[in-house]
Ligand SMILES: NC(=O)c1ccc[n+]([C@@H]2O[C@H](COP(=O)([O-])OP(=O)(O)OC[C@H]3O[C@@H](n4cnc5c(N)ncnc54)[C@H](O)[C@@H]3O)[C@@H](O)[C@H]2O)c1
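The data below hold one chain only, encoded as structure tokens and taken in the form predicted alone.
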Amino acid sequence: MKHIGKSGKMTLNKSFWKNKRVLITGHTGFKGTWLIFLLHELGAEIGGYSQSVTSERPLFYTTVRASSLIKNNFSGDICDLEALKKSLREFKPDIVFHLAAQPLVRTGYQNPLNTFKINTIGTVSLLEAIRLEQKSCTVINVTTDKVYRNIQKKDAFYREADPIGGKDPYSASKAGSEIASYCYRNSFFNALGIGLATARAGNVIGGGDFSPDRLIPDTIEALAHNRPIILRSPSSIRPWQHVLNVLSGYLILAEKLHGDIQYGDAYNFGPSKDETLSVSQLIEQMIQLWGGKHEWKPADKQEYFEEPYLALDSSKARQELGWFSTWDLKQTLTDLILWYKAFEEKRDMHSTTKEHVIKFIEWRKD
């Protein structure tokens, strides 16, 4: 099915997703919560697999009452093979989105062993559970743009065929997840008729991110409480994009792969070149949209290494899948600010989040 509708709008196939049984690992996280709302609006039956919900900060998943949209909620460690097998047997998913991860670069430095365990061995555990159950499902393993071996060449847009690697534990552990997926696809899944693809996207932003040591939630907190915004790497270049843009790509990839395992491969999902901005440029736009007088300043020191330049070439996803970003950076930041302001005003965030998802699905660019 083509995903370009009238007026150049990208469309999601509601008839495909209606009543599809979709299991999301890491469903209580930032991306997982938005994916729950998006899939529910498309008519899917949703199962979730995550550890118990705990957080020092407000958690997106609980704030928006996402559990009310889930048919089956499984609690377990992503490395627990028996628990994973049990969830597969009970829920019988048509499609699995693997989002469970340790997602923070700084935490990777602080606890590299646990980062590798969750991000690499956790992926292997899920794929092994699927292999042993021989469940004929479609699997999308969500990794990151940081899987690429960064050559630190300005204006280098990484393509799927470029070498993968990682200087920091987070990046290396997600590269390990990619290698494991490649192995299982070629050693086992192709023969079993199980479609497996990996999705690489970076610097996904949107309302609802409350994770510590992340640019957007730290900036929003500073704006809301009229404090200076501290930037660790103001000159770093990143491909900024709304979480719903990226999730729509995952859905289109899953639909294609479900019909043809030849789509089992790696795909980049990134914005256009002119939306690859420095951290400071992004924050200045956020300040303008928030309103009032605010300022940012660089951190006193750089605590650990971060790649100075990351950008993706997403021409493969555009050509093979018909995917493109529905919301440009201006609309992305506008939507983000609206969500957080609604949160600060203590509105009903379940309804607010649903409204944002419906707006995205029905979006027509003038």
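Quantities reported herein were computed from a predicted structural model and do not represent experimental measurements. One-based numbering along the sequence shown.
Keep in mind that the form predicted in complex with the ligand is missing from the display, and what follows is about it.
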Next on the checklist: Is it the case in the model of the complex that 28, 101 and 203 each bring at least one heavy atom within 4.5 Å of the ligand?
Outcome noted: yes
Next on the checklist: So if I measure heavy atom distances to the ligand in the model of the complex, which of the stretches 255-263, 225-233, 140-148, 292-300 falls within 4.5 Å?
Outcome noted: 140-148
Item to check | Proximity of residue 91 to the ligand in the model of the complex, heavy atoms at 4.5 Å | outcome: no
Next on the checklist: Does any part of residue 118 reach within 4.5 Å of the ligand in the model of the complex? Heavy atoms only, please.
Outcome noted: yes
Next on the checklist: Against the ligand in the model of the complex, would residue 77 count as a contact residue? Criterion: heavy atoms within 4.5 Å.
Outcome noted: yes
Checklist entry - According to a 4.5 angstroms non-hydrogen atom cut-off, is residue 331 in contact with the ligand in the model of the complex? => result no
Next on the checklist: I need to confirm a contact call. Of 159, 131, 214, 106, which residue comes within 4.5 Å of the ligand in the model of the complex, counting heavy atoms only?
Outcome noted: 214
Next on the checklist: For the stretch 280-298, I need every residue with any heavy atom inside 4.5 Å of the ligand in the model of the complex, listed N to C.
Outcome noted: none
